[in-house]
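Take a look at this single chain in structure tokens; it is the form predicted alone.
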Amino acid sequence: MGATGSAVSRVPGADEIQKETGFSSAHIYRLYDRFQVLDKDDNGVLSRRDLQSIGELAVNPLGDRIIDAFFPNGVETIDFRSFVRILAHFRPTEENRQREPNASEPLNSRNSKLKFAFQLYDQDKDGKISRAELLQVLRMMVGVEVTDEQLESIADRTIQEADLDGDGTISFEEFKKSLEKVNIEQKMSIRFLR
């Protein structure tokens, strides 16, 4: 364990965070350092403004929605544990990792990754992606590259293909089913701090 083991002891709740998220102690230590750099006010919490200073999020068309995911239900700031819990959704899955029988689903499981992605679309939090919500995301992602008519056609076709119960929206189960053949592990994983 060496230097990282003793350094991680200065991270509040490191052992619990490690168990909850699956990050190694070295990753938790590095994420804590990153958290402290982002914490411009040096008050132990991050605000939206702190996350907006991350260049990669500033240029990501879904950056604001990703930042919103860190602040559910009107929360204004997040502590280190909450920060790492969100990042854990993007941790690569471990193929052969055994799970305790009564343990909750890992934050980086395929299902958890899909729930995270679903919430980026479902802005009114009604459990369904409406045509308007889908169009909003499509507009953010393609900008002015595609006409409104083309975007509406894409949205209509997507809903038509994914909407199995015919209600004109996409539920989480329909979203999950429509992405069965997509490698979510590859698309929603970040190789943390190699």
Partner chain sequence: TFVQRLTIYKHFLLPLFLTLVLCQHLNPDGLQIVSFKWHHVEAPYIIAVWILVASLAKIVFHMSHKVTNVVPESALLIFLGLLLGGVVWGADHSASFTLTPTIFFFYLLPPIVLDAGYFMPNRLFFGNLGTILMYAVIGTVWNAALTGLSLYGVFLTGIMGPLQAGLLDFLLFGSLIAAVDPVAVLAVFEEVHVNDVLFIIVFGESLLNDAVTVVLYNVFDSFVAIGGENVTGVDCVKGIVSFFVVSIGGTLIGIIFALLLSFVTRFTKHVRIIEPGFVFIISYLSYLTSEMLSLSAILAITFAGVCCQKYVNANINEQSVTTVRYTMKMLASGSETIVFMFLGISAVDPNIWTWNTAFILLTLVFISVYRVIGVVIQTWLLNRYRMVQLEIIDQVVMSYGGLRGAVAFALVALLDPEKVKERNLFVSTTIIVVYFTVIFQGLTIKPLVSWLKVKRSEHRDPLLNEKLHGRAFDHILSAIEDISGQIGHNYMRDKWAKFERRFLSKLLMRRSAQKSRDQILNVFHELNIKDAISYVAEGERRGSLAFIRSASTDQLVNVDFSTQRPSIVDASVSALLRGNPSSVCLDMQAIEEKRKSVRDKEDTLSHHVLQQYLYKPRHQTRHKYSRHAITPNTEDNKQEKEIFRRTMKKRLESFKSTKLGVNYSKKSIKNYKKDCMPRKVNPEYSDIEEAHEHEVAHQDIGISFIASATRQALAETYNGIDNPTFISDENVMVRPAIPPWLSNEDTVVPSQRARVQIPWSPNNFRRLTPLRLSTRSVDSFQMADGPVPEHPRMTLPEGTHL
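Since this is a predicted model, take the numbers as computed values, not measurements. Numbering follows the first chain given and starts at 1.
Unshown form predicted together with its partner chain; subsequent notes refer to it.
Interface membership of G143, defined by any non-hydrogen atom within 4.5 Å of its partner chain in the model of the complex, is confirmed. Under a 4.5 angstroms non-hydrogen atom cutoff, its partner chain in the model of the complex has P61 among its neighbouring residues. Shown alone here, L107 lies farther than 4.5 Å from its partner chain in the model of the complex, counting heavy atoms only. Of the heavy atoms in I154, some are within 4.5 Å of its partner chain in the model of the complex. Along 157-183, a non-hydrogen atom within 4.5 Å of its partner chain in the model of the complex is carried by R157, T158, Q160, E161, A162, I170, F175, S178, L179, K181, V182, in order along the sequence.
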